[in-house]
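The chain below stands alone and is given as structure tokens, in the form predicted alone.
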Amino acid sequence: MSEGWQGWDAYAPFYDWENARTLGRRDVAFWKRIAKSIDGDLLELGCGTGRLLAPMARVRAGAGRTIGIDRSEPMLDRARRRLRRMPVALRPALIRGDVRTWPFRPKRFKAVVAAYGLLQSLVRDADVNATLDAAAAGLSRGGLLAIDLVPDLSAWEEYERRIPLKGRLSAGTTLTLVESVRQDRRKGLTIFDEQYIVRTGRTVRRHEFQLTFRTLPMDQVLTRLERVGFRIDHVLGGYRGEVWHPEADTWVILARKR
């Protein structure tokens, strides 16, 4: 079985381009509201290119440190470039590290954010449990753990070499995503085989990698959270506070450290 972190280094040059065409900014306002409500230090797990970390930090002036942790150095390189555009006083800190084991003192944080299905890139029970244990240890009493999940992974249609996205990457350069999707039903995994084709004039470069995500049923996630010391405050069906139901586009969980 592939490790959940594999593929993300190669994905880094294309991550923001793809997300701008799929998710866009429809989750940004929600995470900004969460961040603005926190008085104290906030940590984002798997902060990637800083797509959410930067806007969260901008609304937290004087409210505490904002920190992002990610294992991928190419992702963090892109986050650093993004953060250079921010005033120094607002810039969040970036840490290269593992979301399962944190280099921070216990009970430091008032909030921990695991957005964009971060928990679903952890493909083993032990990895999910270690990450939730770390969150429980790192949060102070009453601290917030905010999670979102992609519910429909297991229902994703299998296909081979489809072109879901194509467009301009920069002046004179186009980018085409050729994608295949496979399901491992026994392990609850959805595997995306990605090929990004970069064309600049007559020059063509191909970048191939694999991303693996895991289906996490809501009842199992809630049980795990309660087991490690969290109280479930809200379960939502979207970024606008929609009522949760199994077919909702997005699942959001807000839990407090007991």
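Position 1 is the first residue in the sequence shown; the rest follow in order. Because the structure is a prediction, the values reported are computed rather than measured.
Here the subject shifts to the form predicted in complex with a small molecule, a form of this protein not shown in this document.
(message) To test your reading of this chain, name the stretch in 188-196, 35-43, 202-210, 51-59 whose heavy atoms come within 4.5 Å of the small molecule in the predicted bound form.
(response) Every other range fails; the passing one is 51-59.
(message) With the partner left out here, check for me: in the predicted bound form, does some heavy atom of W102 sit within 4.5 Å of the small molecule?
(response) Heavy-atom contact with the small molecule at 4.5 Å: absent for W102.
(request) Give a yes/no on whether R71 approaches the small molecule to within 4.5 Å in the predicted bound form, heavy atoms considered. (result) Yes.
(message) Just checking whether G97 would be counted as a contact of the small molecule in the predicted bound form - the rule being heavy atoms within 4.5 angstroms.
(response) Within the cut-off, so yes.
(message) If we define contact as a non-hydrogen atom of the residue within 4.5 angstroms of the partner, is L118 a contact of the small molecule in the predicted bound form?
(response) Yes.
(message) Within 4.5 Å, heavy atoms only, which of A134, L144, L122, A79 is in contact with the small molecule in the predicted bound form?
(response) The residue from A134, L144, L122, A79 that makes the contact is L122.
(message) Counting heavy atoms only and using a 4.5 Å cut-off, do A111, G138 and L225 all touch the small molecule in the predicted bound form?
(response) Verified in the predicted bound form; spot residues all out of contact, no.
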